[in-house]
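Only one chain is given next, in structure tokens, and it is the form predicted alone.
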Amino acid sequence: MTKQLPGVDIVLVGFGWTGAIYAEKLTAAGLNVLALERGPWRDTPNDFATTFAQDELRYYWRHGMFQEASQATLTFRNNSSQTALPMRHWGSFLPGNGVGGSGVHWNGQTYRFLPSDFLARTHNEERYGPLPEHVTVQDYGVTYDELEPHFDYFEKICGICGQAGNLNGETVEGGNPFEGPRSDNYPNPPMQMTFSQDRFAAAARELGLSPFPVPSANMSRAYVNPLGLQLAPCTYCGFCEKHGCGNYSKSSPQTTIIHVLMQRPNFALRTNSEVLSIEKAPDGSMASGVTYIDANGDSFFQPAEVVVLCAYPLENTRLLLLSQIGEPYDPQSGEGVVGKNYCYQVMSSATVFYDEEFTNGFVGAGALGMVIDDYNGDNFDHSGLGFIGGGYIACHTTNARPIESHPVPDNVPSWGSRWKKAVRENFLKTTSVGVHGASMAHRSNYLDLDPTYTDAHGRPLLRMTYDFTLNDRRLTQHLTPVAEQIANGMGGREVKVNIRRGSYDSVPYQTTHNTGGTIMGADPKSSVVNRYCQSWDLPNLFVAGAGLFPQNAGYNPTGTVGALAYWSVDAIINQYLRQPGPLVQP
């Protein structure tokens, strides 16, 4: 039997980056906020202490802080003619589990999307003509200029380290000349670069390109953020990606927001509490709250005046589908919106091997790198290329973690004595130039409920239908030779090019950048939520996260996820609470 609990002003489903952002702002405005988190409590001194935070076996290979696939997973297929099968072990992407979510184990690469990324359909059609019918790219409904103050605040909360390239419309040397205008510089200077980044920058400049430091949530110096929380300088241990930081040197919800939030009497957190459905009022016009179960299997109904979905993007989509909110997307007719425009990233790389020079990849950090944006977005002319979008090209030193990292040249066996010899000879003498390509929305890539497989509660699993498109293949074919050219100019013995070929494979790790499914836009026929991330169907339901992206740009998503969260919560406080109802008329 489901027990009804006392109501709250706001209930948040999930407690990672966006949950922490909404909770901090809403409690500061005097509202009573409850966060429901499916996973356990996690904090820095107890869960990421420096005595064991660098345990690669525990955290990466045994998935110590990732979602348990045996408890919650999804099914996957490349196209609708195939039968989707459950992902029984996470591979291509790694959803987080517990307080902080994926914001705990991220690298810290914190970009702003380009102004043209928010106007992807309008901009590209104005410049290149109508897009093919199967390319379902669309505008966000919100512009870069509207989001800029929120980008700036998120960067200050995180203490992002970098170099501005466009400060109030003025080009600044050493930064990204292609970025949108910034109202302020980064709060901290760039990280200290190593041999690999210096070689990359020199080679890029020789080609007439414009390298700049990767915007980093790994601290280049001690920093105190606007909430009074302190971050320490990075020690370059290299255990950022897939790990928590025990040094308080990587921005995460724990190190930048949650400690302050947990002191507020009008905030409550319930961990090990899985939301099963969003409930509606009897007339179906509003959300009435959520139903969840706790660790004992007991069921509760939590009434709330406002519901905000802050879970991982895939789970937000699934909750809407399970709760029958919004019309599910149909790839045959193109009708419906929930599950539409699932996107990812298109990755490739070139590995440089040296004879004498030591790259010492073990000295690294998640966002230690130099990058070029000359081939990102629409920063270059796409006329006649047959694709839109682009990607950044970067040289990161994120760490040569010994179990995971063993690059070897071409023509080396994948096992045996020759392979071991090659690993020994090259481990300290390699670096990589990576392409981080955009993913343009396509009619055939989407999310829906699986007709066969269910979870432990009998609910259908989410089904992912996704493959690389012709646009993706042309994009990577155009950008990968540029990465190879830069790599060839870095003075190594040889270069091994890792080309993106074949269909998307869900097994090898690529990125945890899953986007779409709960997309934002200008009208209810093409989007799940409006420009303020408010549901078109239920005006007291808001959605956060990268699922809002109508397509995925050639950047890591977290900076834009944070800016959209601050934009949305500002609208809740200053518009919705004063006059509850739709903030945009359909």
Partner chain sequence: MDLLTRRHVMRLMLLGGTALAAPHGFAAELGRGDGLPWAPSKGENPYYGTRDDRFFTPEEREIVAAICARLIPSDDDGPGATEADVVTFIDRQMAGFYGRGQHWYMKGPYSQGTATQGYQSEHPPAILYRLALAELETYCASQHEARFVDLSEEQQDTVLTGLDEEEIEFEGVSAKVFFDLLLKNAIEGFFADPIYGGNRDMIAWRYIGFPGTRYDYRDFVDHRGKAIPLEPVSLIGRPGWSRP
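Remember, it's a predicted structure, so these values are computed and weren't measured experimentally. Residue numbers count along the first chain shown, from 1.
Separately, the form predicted in complex with the partner chain exists; it is not shown, and the next lines address it.
Trainee: Spell it out for me: taking the partner chain in the model of the complex, does every residue among Glu68, Ala268 and Ser273 have a heavy atom no farther than 4.5 Å from it?
Mentor: So, yes: the whole triplet contacts the partner chain.
Trainee: Do Ile372 and the partner chain share at least one heavy atom pair within 4.5 Å in the model of the complex?
Mentor: Contact check for Ile372: no, nothing within 4.5 Å of the partner chain in the model of the complex.
Trainee: Within 4.5 Å, heavy atoms only: does Lys525 come near the partner chain in the model of the complex?
Mentor: Although the partner chain is absent here, Lys525 would stay clear of it in the model of the complex, with no heavy atoms inside 4.5 Å.
Trainee: Decide whether Val172 counts as a contact residue for the partner chain in the model of the complex under a heavy atom distance cut-off of 4.5 Å.
Mentor: No, Val172 is distant from the partner.
Trainee: I'd like to know whether Asn296 contacts the partner chain in the model of the complex, with contact meaning heavy atoms within 4.5 angstroms.
Mentor: Judged by the heavy-atom cut-off of 4.5 Å, Asn296 is in contact with the partner chain in the model of the complex.
Trainee: Would you point out which of 306 to 314, 422 to 430, 487 to 495, 139 to 147 contains residues with a non-hydrogen atom within 4.5 Å of the partner chain in the model of the complex?
Mentor: Residues of 422 to 430 come within 4.5 Å of the partner.
Trainee: Considering non-hydrogen atoms and a 4.5 Å limit, which listed residue (Lys156, His406, His123, Arg473) is close to the partner chain in the model of the complex?
Mentor: Checked against the cut-off, the match is His406.
Trainee: Within 4.5 Å of the partner chain in the model of the complex, heavy atoms considered, which of Ser288, Ser277, Ser210, Thr235?
Mentor: Checked against the cut-off, the match is Thr235.
Trainee: Pick out the residues of 63 to 79 whose heavy atoms come within 4.5 Å of the partner chain in the model of the complex.
Mentor: The stretch 63 to 79, when checked against the partner chain in the model of the complex, contributes Glu68, Ala69, Ser70, Thr73, Phe76, Arg77, Asn78 at the 4.5 Å heavy-atom cut-off.
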